[in-house]
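Let's start with one chain on its own, the form predicted alone, as structure tokens.
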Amino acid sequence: MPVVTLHWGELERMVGKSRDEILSKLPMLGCDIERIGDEHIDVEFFPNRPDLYSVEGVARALRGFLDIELGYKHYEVKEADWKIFVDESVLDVRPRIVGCVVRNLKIDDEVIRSLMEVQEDLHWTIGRNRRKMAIGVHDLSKINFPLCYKGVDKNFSFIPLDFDEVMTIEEIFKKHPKGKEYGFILEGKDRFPMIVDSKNEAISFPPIINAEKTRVTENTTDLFIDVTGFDENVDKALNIISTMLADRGGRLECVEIHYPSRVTKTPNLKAKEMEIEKNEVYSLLGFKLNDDEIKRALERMRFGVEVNDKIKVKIPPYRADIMHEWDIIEDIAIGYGYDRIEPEYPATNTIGSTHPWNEIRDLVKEIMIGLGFMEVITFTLTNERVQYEYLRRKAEGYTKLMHPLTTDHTIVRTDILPKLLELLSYNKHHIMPQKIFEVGDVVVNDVNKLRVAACITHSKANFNEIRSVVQAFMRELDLTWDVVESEDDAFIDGRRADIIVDEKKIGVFGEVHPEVLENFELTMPVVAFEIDLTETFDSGELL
């Protein structure tokens, strides 16, 4: 989750309250305070509140929560003659673009720092590491409108930000730090997105780098902001950036986007509206609030609200997280105050007991540690590339995440072994041999399973070594087992075996294939095994 640095002088000035008052209420907004220093405070916010990734957003929320400024805040967007023409050549590459002009803004160190920080946090969260959305911030005075958003070839050239020489797109991918870092997003493309002005001079090469020509400095007073990508996250990011700059005193002006078949104006800061039944609020919260309490709670969270037979809510344009009635009801609870909700004992008392899965975990851990292995815990989320492509395995039986936060975490793992190999790749500089294991959950065809996997790596690791480990492990579990030749492509042919118990395959072991090692950038041989414990024991279901 993003950690936002809030400087005390800025925050106290923008909120209008003392440090102690801010500290007493900040955690109740739904965040964790990481560090408190004399000059600043580091706060970790949940990814579902990207509007709080800046001091402006936090100050706006606190002014409501502290009863200084209640209710919906209207943001005016002036009509203007700024235009962007979208060429068909870019529609298959990165089809969506929005823009905004911010006038009469005092650009100082505070504003520049805040802009850079919120830009990177938005790139990482709703932008999925710039893959779905990327933001460009420019000095308006250095741009000749109208702009054209088009696809160009790899020989198109301009001076990228932080450089003083003209570079082609191909050279940017090879030499520029941002090109090296984010070039993977455009890998395999023969056309590349480019924003150029009326003189055909580059403004931005999204999602990689802006042009040096439009660098923002302390002499800048007017900004042009572009956001490119694929879906509604583009609009969400623009709304967050434009409203935070309006809170700094900037005047917002709209930009016309001319697509081949339609014309739109951005940013669209009109409020969305939602109606909620009162009984739904009472049911979800577990207690009743009167109309005035509901209205006050929502106004403290900066919503517009009317309470009659139903609750009518105006949603601020920067609240990208409001997708369901329950999101509003959660904010009613926050606005009312979790500290005011009286806890109650549950009506039914039960006596807890150890789940069979945990009994098996403890036994397996004890055995593996006794065999000289070190326990590790890895993420249960992964991606198709690491889980299957790197292992030379067919992708099947996995569960995809509906709204992944990063491209590294798009599915729930079906095997533990890929995560162990990934961990070994991070620890190549450690002393050899390395012997690690993990007992953990996987999800295969929407069913939870308990697995154990282990790896050994050193210069002489071989099949006999891992077979002896499996033999000792199965002996400690008092299991009769057999082996048959395996066809698992993650291991070397002739040096791999399936583990059979009661005529059923429960696992595999062997020497990891050289191509797999190369994919994980491992230089030493690796031997490994993985066993499905739920196929071995009658352990019940994980609830």
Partner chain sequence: MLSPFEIKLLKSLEVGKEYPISEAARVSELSKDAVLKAAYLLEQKGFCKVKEIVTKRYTLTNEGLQYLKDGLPEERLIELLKKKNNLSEIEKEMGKKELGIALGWLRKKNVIKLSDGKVELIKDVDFKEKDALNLISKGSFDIPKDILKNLIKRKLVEEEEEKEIIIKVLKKPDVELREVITDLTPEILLNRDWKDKEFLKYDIKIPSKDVFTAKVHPYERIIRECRKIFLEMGFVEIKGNYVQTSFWNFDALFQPQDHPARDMQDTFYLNKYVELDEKLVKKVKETHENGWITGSTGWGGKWDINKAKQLVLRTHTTAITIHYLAKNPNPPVKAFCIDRVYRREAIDATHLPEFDQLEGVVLDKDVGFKHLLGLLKEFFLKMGFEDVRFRPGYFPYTEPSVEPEVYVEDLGWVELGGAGVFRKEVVEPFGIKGKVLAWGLGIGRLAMLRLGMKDLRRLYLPDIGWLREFPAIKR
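The structure displayed is predicted, hence computed values, not measured ones. Take the two forms, superpose them, and find the largest set of C-alpha atoms that agree within 1.5 Å; that set is the rigid core. Residue numbers count along the first chain shown, from 1.
Keep in mind that the form predicted together with its partner chain is missing from the display, and what follows is about it.
Remark: all three candidate residues (Arg128, Thr378 and Ile436) come within 4.5 Å of its partner chain in the predicted complex, counting heavy atoms only. Partner contacts here mean any heavy atom within 4.5 Å of its partner chain in the predicted complex, and among 187-195, 151-159, 169-177, 345-353 they occur only in 345-353.
Though the partner is left out of this view, Met28 does reach within 4.5 Å of its partner chain in the predicted complex, counting heavy atoms only. The closest heavy atom approach of Asp446 to its partner chain in the predicted complex falls within 4.5 Å.
At a distance threshold of 4.5 angstroms between non-hydrogen atoms, Ile294 is out of contact with its partner chain in the predicted complex. Val305 falls outside the set of residues with a heavy atom inside 4.5 Å of its partner chain in the predicted complex. Listed residues Tyr75, Tyr72, Tyr388, Trp357 were compared with its partner chain in the predicted complex; Trp357 is the one with a heavy atom within 4.5 Å. In terms of contact with its partner chain in the predicted complex, the residue from Ala80, Met323, Val263, Ile112 that brings a heavy atom within 4.5 Å is Met323.
Residues from 421-458 that approach its partner chain in the predicted complex with a non-hydrogen atom closer than or equal to 4.5 Å are Leu423, Leu424, Tyr426, Asn427, His429, His430, Ile431, Pro433, Gln434, Ile436, Asp441, Val443, Asp446, Val447, Asn448, in the order they occur in the chain.
Annotation: Cα of Thr228 displaced by less than 2 Å between this form and the one not shown, core superposition. A movement of the C-alpha atom of Pro346 reaching 2 angstroms or beyond is seen between this form and the one not shown when the two forms are aligned on their rigid core. Cα-Cα spacing of His403 to Lys180 is reduced in the predicted complex versus the present form (difference of at least 3 Å).
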